[in-house]
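A single chain, nothing else alongside it, follows as structure tokens in the form predicted on its own.
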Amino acid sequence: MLYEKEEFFFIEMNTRIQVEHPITEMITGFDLVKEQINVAGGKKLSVKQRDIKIKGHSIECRINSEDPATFVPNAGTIKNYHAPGGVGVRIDSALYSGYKVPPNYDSLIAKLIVYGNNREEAILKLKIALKEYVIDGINTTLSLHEKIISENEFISGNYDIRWLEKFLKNND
């Protein structure tokens, strides 16, 4: 669902794990994929909803093999790869130096997820992680994420579902 101007808009419902599931895992400490596999294997849920506690703040950046200005997909060989790390930093990716990004699949090549005790701490970790992240040999959206998280509206959380469209138009 999306929420804008005090209205909810239904996007879709999927019965599969979502690409954003690491956010939930980071703020609850609960491994959704492990739980899903256990349930698929016939086990009962290991916790009740009331047992799930939300703590802290998490942000996920979807790193795509795309031109950061035009979003045209970009296949090619990863020449140099270095993932950021540290407490509260998670990378979901199969990339490595020498990996060949194919042209005929979804352009998502990595997810960078950070966790902090609050939004400010999560943004600080994200800024550091994005600077440390190296993916050479293809175009990626890393630089776009760096620009976005430096914007006052993003930092304050004062944006809506049209913000990115306006931001991109103003940064042509």
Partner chain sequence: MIKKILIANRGEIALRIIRACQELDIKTVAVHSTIDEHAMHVRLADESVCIGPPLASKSYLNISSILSAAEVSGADAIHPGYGFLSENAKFAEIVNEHGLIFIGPKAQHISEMGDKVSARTAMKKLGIPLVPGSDGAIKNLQELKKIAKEIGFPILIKAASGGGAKGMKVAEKASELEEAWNLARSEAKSGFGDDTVYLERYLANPRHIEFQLFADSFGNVVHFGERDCSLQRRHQKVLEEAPSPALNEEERVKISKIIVKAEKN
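Residue numbers count along the first chain shown, from 1. In this text the structure is predicted, and so the values were computed from the model without any measurement. Only the largest set of C-alpha atoms that superpose within 1.5 Å between the two forms is called the rigid core.
Separately, the form predicted in complex with its partner chain exists; it is not shown, and the next lines address it.
Interface residue remark: residue 139 is not counted as part of the site for its partner chain in the predicted complex, having no heavy atom within 4.5 Å.
Under a 4.5 angstroms non-hydrogen atom cutoff, its partner chain in the predicted complex has residue 34 among its neighbouring residues. The closest heavy atom approach of residue 14 to its partner chain in the predicted complex falls within 4.5 Å. Although the partner is absent from this view, residue 169 stays clear of its partner chain in the predicted complex, with no non-hydrogen atom inside 4.5 angstroms. In the predicted complex, 90, 92, 93, 94, 96, 99, 102, 103, 104, 105, 108, 111, 119 are the residues of 81 to 119 with at least one heavy atom within 4.5 Å of its partner chain, listed from first to last. Relative to the superposed core, residue 7 shifts its CA atom by 2 Å or more between this form and the one not shown.
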